[in-house]
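Take a look at this one chain, the form predicted on its own, written out in structure tokens.
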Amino acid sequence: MLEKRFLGITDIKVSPIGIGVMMWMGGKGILGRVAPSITDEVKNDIIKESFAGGINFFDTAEMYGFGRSEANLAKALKANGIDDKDVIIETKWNPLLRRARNMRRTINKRLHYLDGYTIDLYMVHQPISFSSIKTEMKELARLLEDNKIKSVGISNYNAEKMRKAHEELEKLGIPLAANQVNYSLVRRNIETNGILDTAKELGVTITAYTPLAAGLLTGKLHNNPEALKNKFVMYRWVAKRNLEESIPLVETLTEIGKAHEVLPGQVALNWLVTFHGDTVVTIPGATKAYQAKESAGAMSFSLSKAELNEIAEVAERFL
């Protein structure tokens, strides 16, 4: 079993694989068009399978239904009797068309929706804002000092902006815990654009989203391309673009998976959180209980150095 690891240089420990609950925002109105309707029973089962498999880390955000995803996560945690001290939650502030001071105006909404659960990691969702990085980091520091949040992070920041955020927080004696970015075996650009190297240098955790590339790395889409029609349009475009090119990679993941009696998608997740030491954690989504169980199971085995390198070499075309 892969052990829990620290978020950056904080004292917060997370399972290397968490669960993203973006899709828990849907079911009604406009959002129902892009996210499925998930029953409370299924959400409760997802949480149950996650904790049974060693997962303690969950990702949500203000943008995911304007509080609906956060509230649904809290409700499912309570239904399973999960104490605040036993779960790590990250959520995010939406900076679009806003200034940094909006954080202090809206933080109580985040806490309201989370219904007694701590915001262990609070992130700026993306770098486009009316305020500077310096001003935003000062606002995050204020929330930390006011005990509204436990640590500070960013999302979708390039290497230069990540370094700037780190520098501003360092002046205030606060570590930058994490940078959440799109990273998978078919999207490896952070290995060449400076993001990963900068994170390692600064001691910042990379939180990888879309780690299975919209299901592409499970191999299921290769066996049934028609299943692409059921994917959210953004994910459908990503998967379709890489479908043929990823065949050798999925074949390698499948063969290595057979040796460990696990699925190709589980091998892909294990590689992601293992190949770079403790720098990368990941948050695959879950809308069904078996998905959470499989994600947790990706922490139950160890890939050899030879296997890790073989996978990396087959996936070199995606660097």
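Values in this document were obtained by computation on a predicted structure and should not be read as measured data. Residue numbers run from 1 along the displayed sequence.
The form predicted together with a small molecule exists for this protein as well; it is not shown, and the discussion that follows is about that form.
Evaluate Ser129 for contact with the small molecule in the predicted bound form, applying a 4.5 angstroms cut-off between non-hydrogen atoms, and reply yes or no.
-> So Ser129 does not count as contacting the small molecule.
Gly215: touches the small molecule in the predicted bound form, heavy atom cutoff 4.5 angstroms = Contact with the small molecule, yes.
According to a 4.5 angstroms non-hydrogen atom cut-off, is Gly26 in contact with the small molecule in the predicted bound form?
-> Looking in the predicted bound form, residue contacts with the small molecule do not include Gly26, since no heavy atom lies within 4.5 Å.
Does at least one non-hydrogen atom of Lys288 fall within 4.5 angstroms of the small molecule in the predicted bound form?
-> Result yes; Lys288 sits at the interface with the small molecule in the predicted bound form.
Looking at the small molecule in the predicted bound form, is some heavy atom of each of Gly20, Gln180 and Ile283 within 4.5 Å of it?
-> Checked in the predicted bound form: all three residues contact the small molecule.
Among 168-176, 139-147, 241-249, 152-160, which stretch has residues whose heavy atoms lie within 4.5 Å of the small molecule in the predicted bound form?
-> Going through the listed ranges, the match is 152-160.
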